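One chain is shown next in structure tokens, namely the form predicted alone.
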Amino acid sequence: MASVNAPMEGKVFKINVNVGDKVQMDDEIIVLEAMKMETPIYASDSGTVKEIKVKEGDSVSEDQVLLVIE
């Protein structure tokens, strides 16, 4: 099981996956917005999205868990 953490503070701009989706390592799964720039967040592992811990529009802090891949 692997968690995907926010690399910086920002706002969740877009979530590209749903619980139950299969993802491959390096798939773009979330887009964060910070300082007017969109930053893609990629899957750190291959597997199935088990849990999404944020929703679009949420503010996140650095190192916060965004989702869990099993």
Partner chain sequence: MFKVFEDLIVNSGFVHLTWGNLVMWVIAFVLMYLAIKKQYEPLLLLPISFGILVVNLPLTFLMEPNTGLIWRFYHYGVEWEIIPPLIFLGLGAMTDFGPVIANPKTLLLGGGAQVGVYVTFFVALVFGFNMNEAASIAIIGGADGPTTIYLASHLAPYLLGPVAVAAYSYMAMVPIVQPPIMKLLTTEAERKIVMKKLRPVSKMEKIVFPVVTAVLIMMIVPSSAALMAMFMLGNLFKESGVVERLTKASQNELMNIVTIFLGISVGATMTAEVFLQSQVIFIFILGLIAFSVSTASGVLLAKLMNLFLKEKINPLIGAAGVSAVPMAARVAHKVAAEANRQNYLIMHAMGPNVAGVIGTLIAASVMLTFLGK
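Numbering follows the first chain given and starts at 1. Please read all numbers here as calculations on a predicted model, not as lab measurements.
Just so you know, the form predicted together with its partner chain exists too; it's not on screen, but the next bit is about it.
S.K.: Residue-level question: is Met8 within 4.5 Å of its partner chain in the model of the complex, judged on heavy atoms?
M.R.: Result yes; Met8 sits at the interface with its partner chain in the model of the complex.
S.K.: Is Val19 close enough to touch its partner chain in the model of the complex, meaning at least one heavy atom pair within 4.5 Å?
M.R.: Flag for Val19 set to no.
S.K.: Closest heavy atom of Glu56 to its partner chain in the model of the complex, within 4.5 Å or not?
M.R.: Contact check for Glu56: no, nothing within 4.5 Å of its partner chain in the model of the complex.
S.K.: Taking its partner chain as it sits in the model of the complex, is Glu70 near enough to touch it, meaning that at least one heavy atom pair lies within 4.5 angstroms?
M.R.: So Glu70 does not count as contacting its partner chain.
S.K.: In the model of the complex, which residues of 43-70 put a heavy atom within 4.5 Å of its partner chain?
M.R.: Residues within 4.5 Å: Ala43, Ser44, Glu62, Asp63.
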